[in-house]
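Listed next as structure tokens is one chain, alone, in the form predicted on its own.
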Amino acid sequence: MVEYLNLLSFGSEGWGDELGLGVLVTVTLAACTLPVGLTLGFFIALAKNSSEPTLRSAANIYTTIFRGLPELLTLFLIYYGGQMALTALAMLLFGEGVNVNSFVAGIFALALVFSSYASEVFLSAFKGITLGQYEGAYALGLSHFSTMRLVILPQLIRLALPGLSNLWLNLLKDTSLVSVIGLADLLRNTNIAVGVTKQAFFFFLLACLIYLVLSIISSLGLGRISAWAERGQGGH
């Protein structure tokens, strides 16, 4: 027992610093990806809900691609493909190449995948709002923008929240994929600890427990947000 506690100590003798940093990177990556993915997903849902055939087709192609590709493959394409594209552009403009930051690449890749699923959640929520809501708002003299902001969006958030909550939990776990492109997240630092100490079962079990704790904390927070969103509804 003392040996395991020493492995988790902070400083040069233990791995507490590295694991703590990994947790911070994991949570930060998920938190930075969330608003990007939500914004993209919302606008893709608007395009899918549009009366313009071109917008609908483009949005459907987008979601088909990023829901069909494995998340790890999407990450590789963004990281290495982005590296090639930016290097070519930088060489053309400045005469020298650039390096793609793995944290930024992780945000972008995970946001693309997250938004493709979030768009379906938002689209279902849009379909749950009746046409009478729009007509009533227009009858009161509200503009299209004001109708979306004051009438539709609050209902949309309430209807989409359960699905988005599940996507957040998936996103939190999917951050582990960025370890393959060198980002020092929880899983990568756990792998390093295993390689040095040869205590594979202990460190991987610890990583499982940390991810589980993060999921439990997220679920509690999402439950409070859901209760707030449902306030004033019948039966609550």
Partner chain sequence: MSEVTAPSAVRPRATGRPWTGARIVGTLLICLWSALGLGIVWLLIADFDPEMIAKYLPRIFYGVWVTAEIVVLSVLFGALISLPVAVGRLSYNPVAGVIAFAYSYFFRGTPLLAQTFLVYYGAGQFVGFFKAVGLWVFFRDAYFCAIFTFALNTAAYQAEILAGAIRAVPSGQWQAADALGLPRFTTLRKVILPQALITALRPYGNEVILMIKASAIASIITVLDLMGQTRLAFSKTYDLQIYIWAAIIYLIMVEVLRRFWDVLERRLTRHLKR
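Residue numbers count along the first chain shown, from 1. Since this is a predicted model, take the numbers as computed values, not measurements.
Another form exists, predicted together with its partner chain; not displayed. Remarks below refer to it.
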Given the stretches 125-133, 138-146, 79-87, 98-106, which is the single one in contact with its partner chain in the model of the complex, using a heavy atom cutoff of 4.5 Å? 79-87
If we test each of Gly195, Gly182, Pro35, Pro70 for a heavy atom within 4.5 Å of its partner chain in the model of the complex, the one that passes is Pro70
Find out whether any non-hydrogen atom of Leu24 is located within 4.5 angstroms of its partner chain in the model of the complex, and reply yes or no. no
Give a yes or no for Leu212: in the model of the complex, does one of its heavy atoms lie within 4.5 Å of a heavy atom belonging to its partner chain? yes
Do Leu167 and its partner chain share at least one heavy atom pair within 4.5 Å in the model of the complex? no
Can Phe204 be called a contact residue for its partner chain in the model of the complex at 4.5 Å between heavy atoms? yes
Assess the spot marked by Pro53, Ile61 and Ile216: is its partner chain within 4.5 Å of a heavy atom from every one of these residues in the model of the complex? yes
Within 160-184, the residues that have a heavy atom no more than 4.5 Å from its partner chain in the model of the complex: Lys173, Ser176, Leu177, Ser179, Val180
